[in-house]
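Next up: a single chain in structure tokens, the form predicted alone.
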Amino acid sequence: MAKDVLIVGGGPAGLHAARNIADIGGNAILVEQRDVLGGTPDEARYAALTPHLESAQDALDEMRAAVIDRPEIDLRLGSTVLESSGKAGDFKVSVAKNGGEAEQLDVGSVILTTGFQHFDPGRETQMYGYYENPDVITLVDAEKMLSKHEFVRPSNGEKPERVAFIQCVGSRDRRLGNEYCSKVCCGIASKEAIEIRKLLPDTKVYIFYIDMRMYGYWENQLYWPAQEEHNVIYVRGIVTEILKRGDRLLMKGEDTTMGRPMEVEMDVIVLSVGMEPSAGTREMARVFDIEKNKYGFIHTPGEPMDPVSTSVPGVYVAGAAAGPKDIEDSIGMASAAAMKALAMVRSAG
């Protein structure tokens, strides 16, 4: 029987799973489609991790260092999993270097850590004018600026006087079919609002929300400090339209606390976009013939007691490939998946 564990996806969950397997005496093959490790936090150039605000790039560097040049971990960068056959303990998996010939790998178990993609607010939610107005941006766009220790109006490079975040863009939306909460957006918006206020103390920052969903310790780590220490202004309201007015953006909607129409002008509007299954997650579900849930994420039928086993014995999932997760969720799932995958290999042998 094959002794290696195949890990598909080199983001935080995949890196941690590979490290765990190596640390407990197993062998892992880590396949990543990009030429660098780090997944979405690297590709999107995250500035700081939620909720503690430590450098995202420093955290990724530490995770990458834990897997590079380890004899127990075979890194396959710039590579794609094409096909799979076999069963638990004896999978035949076809992997190709991007643009090259395929190679068959014999592995005993598989962990899918193919992550998520950010919702595209210009795809269906036209009311925000994401593609029409350069000063309408997303959390990801803001993160890229903040990683450079700056925050400016994209249209003219000037410092904004008024910035607004709009929550639940692409999440909790029955019209789109994304009925779920993406879990981290409220916390990330609050984190970014704090960062903007630190960089630009004269800039007013608003967060327009349906409900603020701060779970666990995030309430005291982000929500209250944002208001009490950094003067971020939270407004319960629904934004229905964004229009250009002169060199500013006019937000129209309803203040649901006061029960009255609302019109306010902003310099920059940040759309808090949610999570959707990545193309890689959808493709790996096809390759390994794994059941997906109604939203396209990988189904984990053993929940809540087993959050990492999939519908196919010997194939496990960790991180946001299974649905909206934060970094802590992803790391915890990666450890559980690593243990189960290695146990499967050893029991099959």
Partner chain sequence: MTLAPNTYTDIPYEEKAKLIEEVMADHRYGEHLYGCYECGICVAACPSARFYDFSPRKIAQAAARQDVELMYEQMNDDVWNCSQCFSCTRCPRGNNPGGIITVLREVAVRNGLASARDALEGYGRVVYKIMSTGTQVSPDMLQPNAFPDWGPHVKAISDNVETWRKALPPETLHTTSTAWNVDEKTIIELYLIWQATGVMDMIGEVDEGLHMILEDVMEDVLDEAGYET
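Positions refer to the first chain, counted from 1. Not measured: the values here are computed from a predicted model.
Beyond the structure shown, there is the form predicted together with its partner chain, which is absent from this document and is the topic of what follows.
- Residue contact with its partner chain in the predicted bound form: Glu228 places a heavy atom within 4.5 Å of it.
- Among heavy atoms of Ser85, none comes within 4.5 Å of its partner chain in the predicted bound form.
- In the predicted bound form, at least one heavy atom of Asp255 sits within 4.5 Å of a heavy atom of its partner chain.
- Among residues of the shown chain, Tyr215 is not one whose heavy atoms approach its partner chain to within 4.5 Å in the predicted bound form.
- In summary, the region of this chain contacting its partner chain in the predicted bound form, judged by heavy atoms within 4.5 Å and restricted to 95 to 103, 177 to 185, 145 to 153, 257 to 265, corresponds to 257 to 265.
- When you look in the predicted bound form, the only residue of Arg172, His118, Lys204, Lys159 with a non-hydrogen atom within 4.5 Å of its partner chain is Lys204.
- Though its partner chain is absent from this view, in the predicted bound form it lies within 4.5 Å of a heavy atom of just one residue from Ile233, Leu250, Met127, Ala279, which is Ile233.
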